[in-house]
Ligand code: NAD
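Take a look at this single chain in structure tokens; it is the form predicted alone.
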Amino acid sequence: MLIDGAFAVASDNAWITSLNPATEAEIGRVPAGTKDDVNRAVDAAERAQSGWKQKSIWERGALLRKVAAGFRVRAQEILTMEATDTGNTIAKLRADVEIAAGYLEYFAGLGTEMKGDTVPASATGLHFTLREPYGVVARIVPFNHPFMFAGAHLAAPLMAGNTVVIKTPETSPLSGHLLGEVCQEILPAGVVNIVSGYGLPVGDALVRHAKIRRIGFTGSVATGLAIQRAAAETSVKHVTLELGGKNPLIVFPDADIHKAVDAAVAGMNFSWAGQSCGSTSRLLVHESLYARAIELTQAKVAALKLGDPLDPASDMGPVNSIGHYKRIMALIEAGKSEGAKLILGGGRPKGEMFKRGYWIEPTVFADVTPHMTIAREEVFGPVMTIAKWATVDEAISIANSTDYGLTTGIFTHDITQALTTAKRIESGVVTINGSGMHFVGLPFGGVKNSGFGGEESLDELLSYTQAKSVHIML
């Protein structure tokens, strides 16, 4: 763990062993931190915050750019470790380091946008607002893109003048050490601290810590709810949550069904074995195109090549851990038992290399209805469902029928239909005629149980500041 500019083991010298999800081989270990370790990290961040806050936006921005350059210098080392530790395929994973570096550079240039307002509140006074950092903030990182989420989401809090304590995931924690090495080389001691360990005690101690007033979390709804409860029991905190999704892609009868299916399969993120909150896991197709959509989806998904995550030719690797493997398989069995039609996959792939590891075939269900478990619960795995609809009201009802509201895709050539549908959809992000959901400068975040708080934009930077009103009576 990186605490106060130095690497440290856990206070009780306990460790977590990390396994390669493709082979189940031991590949490394990280400290299993304790509450005492969290306290040391927060204390270090608090000591460093005053000096970091006093740096100008130009000084902070220059250091963020140096960290970005450090990521790029070590990109191949990071990618190899990340692919081995997560199971994500290296060909698509290459973008993760660049995304993290790009966000550091993006936020480094937004410093002058942390503006206040002047308000003519009285005839004889000058009234204005300032934006100030919270102090020490916590970022809790998920297992699906641990380096990208840790690196990219350092940018806004640091640029705003905060210091940061990052908690790495319990599975796939190894790249956090490489992130720590880069930060140790470039940033003042204590500005970034990295703790590893289990949710209990490390995550719990972090969100309950009275000196942490700002928390950013990416992960599951259940953990997001637990964070809200724990944080509220100790002090008033600003918590933003980027949680799960059960994301629909709605295909209208005038759409190009080939392009729609291509977008749905690409948006399903099979390169991460479907382990992405924005995955287009529900394909909702007008009845006139339904049979063709099933045929095209089956063919396209069947063509995916499963293989070694380090092989650039592999389209999909294993899922992340044994616990997650069991959860996904249980949901697949629920789909079968509740009457969904399994048209592809549903089990462990054949072949010698797939006998060990957490491998699941790319899986597609058809004839899925809104009451089914696989239509309502986020699988967070390589499982797509296809459902049909007859009227626009029915399509929107199905799309809005879950507790989630992260992303939605709409395919139609009718701009009026597209925009009226977009307005009626309960979703934080809507893409028309595509499945790309992340565009720098526009907030990414969900509604309902998908969370709240827009990231990847000026909104994220401002969310790491507090407004202070100043009144000068002339």
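Each residue number is its position in the shown sequence, starting from 1. Here the structure is a predicted model, which is why all the values come from computation and not from measurement.
FYI, the form predicted together with the named molecule isn't displayed, but the following is about it.
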| query | finding |
| --- | --- |
| Stretch from 369-377, 168-176, 282-290, 252-260 whose residues place a heavy atom within 4.5 Å of the named molecule in the predicted bound form | 168-176 |
| Residue (of G190, G381, G87, P142) lying close to the named molecule in the predicted bound form, criterion heavy atoms within 4.5 Å | P142 |
| Proximity to the named molecule in the predicted bound form, single hit among F365, F107, F147, F217 (heavy atom within 4.5 Å) | F217 |
| Candidate site V73, Q76 and D96: all three near the named molecule in the predicted bound form by heavy atom within 4.5 Å | no |
| Proximity of F444 to the named molecule in the predicted bound form, heavy atoms at 4.5 Å | yes |
| L243, heavy atom within 4.5 angstroms of the named molecule in the predicted bound form | yes |
| P157 within 4.5 Å of the named molecule in the predicted bound form, heavy atoms | no |
| Partner proximity in the predicted bound form: D204 to the named molecule, non-hydrogen atom cutoff 4.5 Å | yes |
